[in-house]
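A lone chain, given as structure tokens: the form predicted alone.
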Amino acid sequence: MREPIVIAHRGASGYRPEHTLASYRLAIALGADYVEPDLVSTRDGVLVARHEAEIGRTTDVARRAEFAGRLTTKEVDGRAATGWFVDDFTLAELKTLRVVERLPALRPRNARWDGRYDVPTFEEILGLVAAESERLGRPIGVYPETKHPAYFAELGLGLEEPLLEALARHGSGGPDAPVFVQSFDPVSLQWLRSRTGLPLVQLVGATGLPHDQRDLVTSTGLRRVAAWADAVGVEKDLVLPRHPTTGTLGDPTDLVADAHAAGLLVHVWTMRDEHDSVEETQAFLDAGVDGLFTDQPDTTLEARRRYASGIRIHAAM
């Protein structure tokens, strides 16, 4: 069987501010199989990597007086959000901003990199991946997500077509390319399915809002998903639930077996050193997952190496 893949979640985001070229470059250096950018669109239709449409928590825009007037409230995926939104900025304007750590309380060491990096375009990420693949002599995959696709479609800034065009320009548009395209939105994936043979991934969270689609990971739901996707990317509690008081891992659910029966791969998110261990990662490998999103690729790769070598250290169950 193919070895489960290790996907660098927004790059090596446990070590550098997420969605920066530095974060992606470090993830590649640490050995990640894939790097994952969340894609949103600027006002002039350029795909860039940000966690969400609102950029106040991930850039220094709140401290930039020239953009104070763009503070606003918008509805995104059915919820009101106040801040600065990527679709109100041209790429040239966005490039004047500098990235900051999104979770400084959790990752204070990442905050030392605040102000050093700009917001990368999808094209820049693809260029980095291509250059590093050639330099290192190994294929490095890319695992983009269409973020808030319905929101951007309503603005006339659809994400799917420019995503496919960018991949094609970099020779990654064919079904054998090391690419997965993911989304929480089935409509986005269904549009993509009608236009590409690239593997697609239906994302499903464990907690509901704003995408309460847990019915998609029932045995019946997974058979439906197989009509438009090749894999499910699921929050890890859906595979190995935690005890609500002790925090220990429970028995595996039927999700992996049901997904495999429907012909779907299972990728889980997100492994983090702050919460997880090598032993816990191995528990997910024991559960049969086909890929793991991680903020610390080196930790997850070490867990996979030990597992493949037959060194099993089970997390407390």
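All residue numbers are counted from 1 along the displayed sequence. Computed from a prediction, not measured in an experiment: that's the story for all the values here.
Only in words, not in the display: the form predicted in complex with ligand G3P, which the text now covers.
Practice item. Using a 4.5 Å heavy atom cut-off, indicate which stretch of 218-226, 176-184, 81-89, 67-75 touches ligand G3P in the predicted bound form. Key: Single hit among the candidates: 176-184.
Check your understanding: residue 142 near ligand G3P in the predicted bound form, any heavy atom under 4.5 Å?
Key -> Answer no; every heavy atom of residue 142 is more than 4.5 Å from ligand G3P in the predicted bound form.
Practice item. May I ask you to state whether residue 236 is within 4.5 Å of ligand G3P in the predicted bound form, using heavy atom distances? Key: Residue 236: no contact with ligand G3P in the predicted bound form.
**Study point:** residue 51: touches ligand G3P in the predicted bound form, heavy atom cutoff 4.5 angstroms
**Key:** Yes - in the predicted bound form, heavy atoms of residue 51 and ligand G3P come within 4.5 Å of each other.
Check your understanding: So, in the predicted bound form, is residue 203 in contact with ligand G3P at a 4.5 angstroms heavy atom limit?
Key -> The answer is yes: residue 203 has a heavy atom within 4.5 Å of ligand G3P.
Check your understanding: Which one, 38, 273, 60, 290, lies within 4.5 Å of ligand G3P in the predicted bound form by heavy atoms?
Key -> When ligand G3P is considered in the predicted bound form, the option within 4.5 Å is 38.
Review point. Is any part of 4-36 within 4.5 angstroms of ligand G3P in the predicted bound form by a non-hydrogen atom, and which residues would that be?
Key: Heavy-atom contacts to ligand G3P in the predicted bound form: 9, 10, 36.
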